[in-house]
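Consider the single chain below, provided in structure tokens and representing the form predicted alone.
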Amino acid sequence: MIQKVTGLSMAVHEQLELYKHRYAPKPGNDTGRRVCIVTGIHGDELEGQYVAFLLGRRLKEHPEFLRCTVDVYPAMNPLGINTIQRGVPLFDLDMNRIFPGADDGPAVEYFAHKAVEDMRGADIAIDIHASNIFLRELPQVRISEETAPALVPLAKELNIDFVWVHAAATVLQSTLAHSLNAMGTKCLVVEMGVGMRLTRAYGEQLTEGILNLLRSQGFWSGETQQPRTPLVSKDEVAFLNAGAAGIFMPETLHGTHVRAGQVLGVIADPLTAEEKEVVTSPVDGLLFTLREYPVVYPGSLLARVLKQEVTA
């Protein structure tokens, strides 16, 4: 059932509206629990759109397996998605910096508040993000240290490659995930793929992971794939930043294990036809972030490597 969560009147008789698709279990199968799947907070992050489609299709094909209510919010920032902008157009706001919003606040804060209130009381939420247009990410869950004890066991069921437990930052307090966790809803943040694109393999991987998580909680009785075992890190991550301007050309595949000193790519100057910098990995580990957009300047993020021992 498609439901309207909230709406706002805009100029020229237009409406800003938030919708969700509610998938309800068959009579007699309801455990009284609820899971929220959220995506599209940033308008240039589209990977979750594919997950919403795949998951919805599975739930419609096999409603007899469902044991909880699943609410899917495929476009939290519909204006951003429609105009291919990361933030909320016209308001110049990053939507993930204004949660939990306010009932008596400006338009976008009111919109965010109504969304959070609609999710209030859910048992689990999964907030799906893509990277921006500059970087490609392996499917991963990012968790703050304070929520790690409750969330890491759930993240391990999601069929992702990497769980990154990071130190808390002040800005996180204005995100949807922080707001929901503070309200008692366990919220996992998934990051995967690249901005403005769909990576079908990643979407299929995460969809299976969501169903596996539901199964592990007793919310889904259908068969699921055995989830992959993710690496779990507490900020054991090496960051590689450009030391020169130019075009970055990767020479190592994203998602592979690399060794210290291995060449990850080259920065070249098209004007002088010279190589300005050879970028090498400082550690052994998993290359889980890699530059997608080639133009770089000093300081531009090129890659992230999860430190770990690489066996021969």
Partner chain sequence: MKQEVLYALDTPYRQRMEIEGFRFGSGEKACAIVGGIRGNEVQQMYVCARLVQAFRRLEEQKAILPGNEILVIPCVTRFSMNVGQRFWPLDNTDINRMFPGYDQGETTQRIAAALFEAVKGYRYGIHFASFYLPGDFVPHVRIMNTGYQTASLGNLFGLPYVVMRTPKPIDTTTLNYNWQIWESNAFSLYTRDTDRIDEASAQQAVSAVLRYLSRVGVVKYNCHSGYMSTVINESTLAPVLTPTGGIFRPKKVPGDPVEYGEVIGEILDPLTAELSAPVTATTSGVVFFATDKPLVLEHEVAFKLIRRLHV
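Numbering follows the first chain given and starts at 1. For clarity, every value in this text was computed on a predicted model and none was experimentally measured.
The discussion below concerns the form predicted in complex with the partner chain, not included here.
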Check your understanding: Heavy atoms within 4.5 Å of the partner chain in the predicted complex: does residue 90 have any?
Key -> yes
**Study point:** Proximity of residue 116 to the partner chain in the predicted complex, heavy atoms at 4.5 Å
**Key:** no
Practice item. May I ask you to state whether residue 28 is within 4.5 Å of the partner chain in the predicted complex, using heavy atom distances? Key: no
Review point. Just to confirm, residue 56 within 4.5 Å of the partner chain in the predicted complex by heavy atoms?
Key: no
Check your understanding: Counting only heavy atoms and a 4.5 Å cut-off, does the partner chain in the predicted complex sit next to every one of 12, 104 and 301?
Key -> yes
Point to revise | Option from 230-238, 179-187, 95-103, 136-144 whose residues, in the predicted complex, bring a heavy atom within 4.5 Å of the partner chain | key: 95-103
Check your understanding: Considering the partner chain in the predicted complex, which of 157, 71, 109, 123 comes within 4.5 Å of it through any heavy atom?
Key -> 109
**Study point:** Contacting member of 198, 152, 81, 242, with respect to the partner chain in the predicted complex [4.5 Å, heavy atom]
**Key:** 242
Study note, to complete from the structure: Within 271-303, the residues having any heavy atom within 4.5 Å of the partner chain in the predicted complex are 291, 293, 295, 296, 297, 298, 299, 300, 301
